[in-house]
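Read on for two forms of one protein chain; each stands alone as structure tokens, with the labels structure 1 and structure 2.
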Structure 1
């Protein structure tokens, strides 16, 4: 409990620093939000009146103190563009981003870990070289290019998958949990579930590609190091089968650094979600943030960035707990 309390306490100044930096950076973005909202034909009087209404004419320190005071009350402010509460809009879109990110993480682990194990157990063989080349391509290819290629091939040419969106336009039922696949399953609607899964495939593949390739490379390197350790040679000398040595003894220890990479890279996927959600018209907070940046919507930018930072901190804490589950030495420090 002391360990958990210490990590939570350490996260508070990190979030505070993120809040200050984002507050300053969004105000350094070129362009006046009032001009963006009113359009180029607005008069000076109209712009001044809107700036006064939105309290943009106040000194930056006063704006910051008012914003922090509102945050303490759980108020993320109102969107400058449509006047909607930012927190409510984020909560409406958050399930879409979480659904996409979790599915991408699942696919990345499902592909990356076996890829790393196969490469390590067949080191420097033809299959190892081929899989390493594939992982290198996965790490190197830009996300936007991969997204456009997948849309072009599987949506435009082959017509197998939808090009954008989250569900079919025919699915009109109100959401239950906000997770499209889960909602369709709870309603017993097989067609809606298949539609939601089909819409997930392409954006999930884009997000999972980099993480799967990175995870595979780390698992391979860790496995090669672990397979040369004394305890592995001892296990082989005792007559243990090759699969038991690899998957029970070696892989368990090789996963420790991989878990750290998985946690850090999965948090970075949230940044990739901004681009991916925009390209695939996915209604998550990444796309919401992109539109806010384009519209100079300060409260939305600050709110979404704070949520991203909070998720990153929570992911880091979850990685520590997983480390404790895999490594008794870490677990003893946590008690």
Structure 2
């Protein structure tokens, strides 16, 4: 309990600084933000109204306090493009992003951990070199290029999967949970569930590729470190079989740092979600942010940036808790 409270207390100053950074984004716009955002042709009244909405006429510290107070009331401001409340629009799109990223995380663990173990146990052999090269491509390829390649191969040439979108146009029922696959299954609509899954495959593969490759590289390295330690040699010397030493003793220890990496990198994956959602026309918050950039819709850019940061902070807190629960040494060290 003390450990949990301590971690949360440590996150508070960081969160305050996160809020300041997001607040300062509008101030980083060169010139008068209201004039820049509205573009040429804006009337005096429009500029005055926007200055009022962005609270630009108040002194900076007061602006900041009012901004935070509004956030606390759930008021993320109004979109400059269509006047919709930003928070409502974000919440509407959040399930699509969560569905995509959770699925990608699941696939990445399923692929990345065995990848790392195979490489470490055959270190510097031909299979290790081949798989390391594959995972190197995975971390080096721009998300938009991988997305493009998969679209070309699996959607355009082979025609196995839809090019983009989230559900086929036939689905018109109101969402239950907001998760397309789950909703279809809850309705018992097999065809819709299959369609939703088919739409999920390519964007999920793009996001998972980066994470699986990163995870594979870390698991390989931490396995190699652990396989060189004394207790591994002792276990082997006692006559324990090599598979038992690798899978029971070494892997359990190697997975601890992997949990940390998974947490941090899956949050980092949210950045990749902006590119992936944009290319696959996936209606999540990443694509919402991209559209906002095109329109210089700053309340939306601020809101999505803040939500991404909040998800990141919460994920790393969760990772710390899991890590602490798995390894008592961490609990002591972090206090």
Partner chain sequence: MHGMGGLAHFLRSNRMASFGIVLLGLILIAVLVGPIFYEVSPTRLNILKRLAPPGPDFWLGTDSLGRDVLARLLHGGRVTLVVGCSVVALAFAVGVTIGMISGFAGGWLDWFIMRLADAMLSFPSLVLAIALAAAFGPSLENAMLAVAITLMPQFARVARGQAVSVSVKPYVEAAVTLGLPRGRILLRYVFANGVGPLLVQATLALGAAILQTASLGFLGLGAQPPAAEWGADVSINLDFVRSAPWVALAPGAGILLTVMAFNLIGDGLAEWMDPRRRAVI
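Positions refer to the first chain, counted from 1. Heads up, when I say rigid core I mean the largest set of C-alphas that superpose within 1.5 Å between the two forms. Predicted model, so just to flag it, every value in this text is computed and none were measured.
Visitor: Specify the structure that is the form predicted on its own; exactly one of the two qualifies.
Guide: Looking at both, the form predicted on its own is number 1.
Visitor: Would you say whether residue 308 is displaced between structures 1 and 2, judging by a C-alpha shift of 2 Å or more on the superposed rigid core?
Guide: No; residue 308 is a residue whose C-alpha shifts by less than 2 Å between structures 1 and 2 when the cores are overlaid.
Visitor: Is the C-alpha displacement of residue 66 equal to or greater than 2 Å between structures 1 and 2 once the rigid core has been superposed?
Guide: Shift at residue 66: 2 Å or more after core fit.
Visitor: Core-aligned, is the CA shift for residue 295 between structures 1 and 2 2 angstroms or more?
Guide: No, because once the rigid core is superposed, the C-alpha of residue 295 moves less than 2 Å between structures 1 and 2.
Visitor: Looking at residue 24, what is the CA displacement between structures 1 and 2 after core superposition, in angstrom?
Guide: Residue 24 C-alpha displacement between structures 1 and 2, core-aligned: 3.2 Å.
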